[in-house]
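Encoded as structure tokens, the following chain is the form predicted alone, with no partner shown.
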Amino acid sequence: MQKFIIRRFLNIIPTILGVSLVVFFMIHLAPGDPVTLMVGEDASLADIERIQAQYGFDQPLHIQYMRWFGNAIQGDFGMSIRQNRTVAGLILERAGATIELAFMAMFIAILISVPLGVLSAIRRGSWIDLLAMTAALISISMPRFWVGLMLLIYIGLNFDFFPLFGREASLFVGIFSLNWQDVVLGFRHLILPALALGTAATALQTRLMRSSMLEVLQQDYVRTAKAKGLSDRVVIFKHALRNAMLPVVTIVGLQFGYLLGGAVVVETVFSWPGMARLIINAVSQRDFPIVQAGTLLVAITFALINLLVDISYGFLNPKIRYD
């Protein structure tokens, strides 16, 4: 296991390097000059050249990349062009909100999809199965912004427990600090955007859980367990479920990365102060340092989550060996 983890960590390095190269050169080769946007078209040539030298834009691209990446691996992502603040500070302010939102959305998705998918599989063809698959099909077809607006209109406006916009406290910080007032306040602000973000993930995982469970229930070892007289509960939850979870765990790891990158719509609808909105605004403002740093951190998070998914296979199925 240790050799596998080390090997996978080493494999992450070229992935991160490749992502940094693509992001850096693509954004710098795109039309538009961030310095002109910052100082205005009426600025003198001397002012433009001074600011370009200040941010290093007067250097060749390969020199700019090596300088930026060298500083980035030390945690220094430079200064924001538009906000005149350190990029690391801006991202730290926003990253917690996005990660918390993605975790909550995935938790809700798993909490609903796993039992519902198992129930649909063991009650195949029943009204429960038909209702669950119909709901999953509808859910996966609904855009996230529409789901968010419907939650605001029909739940947020009718129940004072759920605030409509913003974020006043962190749920995770409240849990770790045992501040139950912050836990309740964080949950109140988090539940609606998490539901909106996790709708499609819930639908996809439910369908996958059902199909995987149906396949496992046809295996010989499951029929043998039933022939030995074991109860249906033991057969399903001890023998079948662990193996059926393997493809679901894979998709959970992939979807978590998509939730981090695709939260911008939900963050906009609910005015959630997350990193996705920060990056999108930086793209429109040509704020290169924020876009580069945000994309690189999302890629690193995605790679680490997939490593955790690979490691989890060994716990779900002891037959899987990495060495």
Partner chain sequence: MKRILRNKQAVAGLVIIFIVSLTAIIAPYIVPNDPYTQNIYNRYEAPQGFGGEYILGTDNLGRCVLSRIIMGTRASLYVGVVAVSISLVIGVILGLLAGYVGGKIDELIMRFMDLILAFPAILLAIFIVAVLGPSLFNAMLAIAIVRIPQLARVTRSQVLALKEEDFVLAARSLGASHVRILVKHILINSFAPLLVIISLGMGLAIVTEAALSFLGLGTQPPTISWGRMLATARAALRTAPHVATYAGIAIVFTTLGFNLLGDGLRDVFDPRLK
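Keep in mind that what you see is a predicted model, and the values were worked out from it rather than measured. Positions refer to the first chain, counted from 1.
This next part talks about the form predicted in complex with its partner chain, which is not shown.
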| query | finding |
| --- | --- |
| Exercise: Pro143 in contact with its partner chain in the model of the complex, heavy atom 4.5 Å | yes |
| Its partner chain contact at Arg242 in the model of the complex, heavy atom, 4.5 Å | no |
| Contact test in the model of the complex: Leu131 vs its partner chain, heavy atoms, 4.5 Å | no |
| In the model of the complex, Asp76 touching its partner chain (heavy atom, 4.5 Å) | no |
| Heavy atom within 4.5 Å of its partner chain in the model of the complex - residue from Leu92, Ala227, Leu137, Leu111 | Leu137 |
| Leu246, Ile99, Ile122, Leu149 - the one with a heavy atom within 4.5 Å of its partner chain in the model of the complex | Leu149 |
| Thr15, Val23 and Thr295 all contacting its partner chain in the model of the complex, non-hydrogen atom within 4.5 Å | yes |
| Its partner chain in the model of the complex: contacting segment from 68-76, 204-212, 231-239, 111-119, heavy atom within 4.5 Å | 204-212 |
| Those residues of 270-308 which, in the model of the complex, come within 4.5 Å of its partner chain by heavy atom | Ile279, Ile280, Val283, Val291, Thr295, Val298, Ala299, Phe302 |
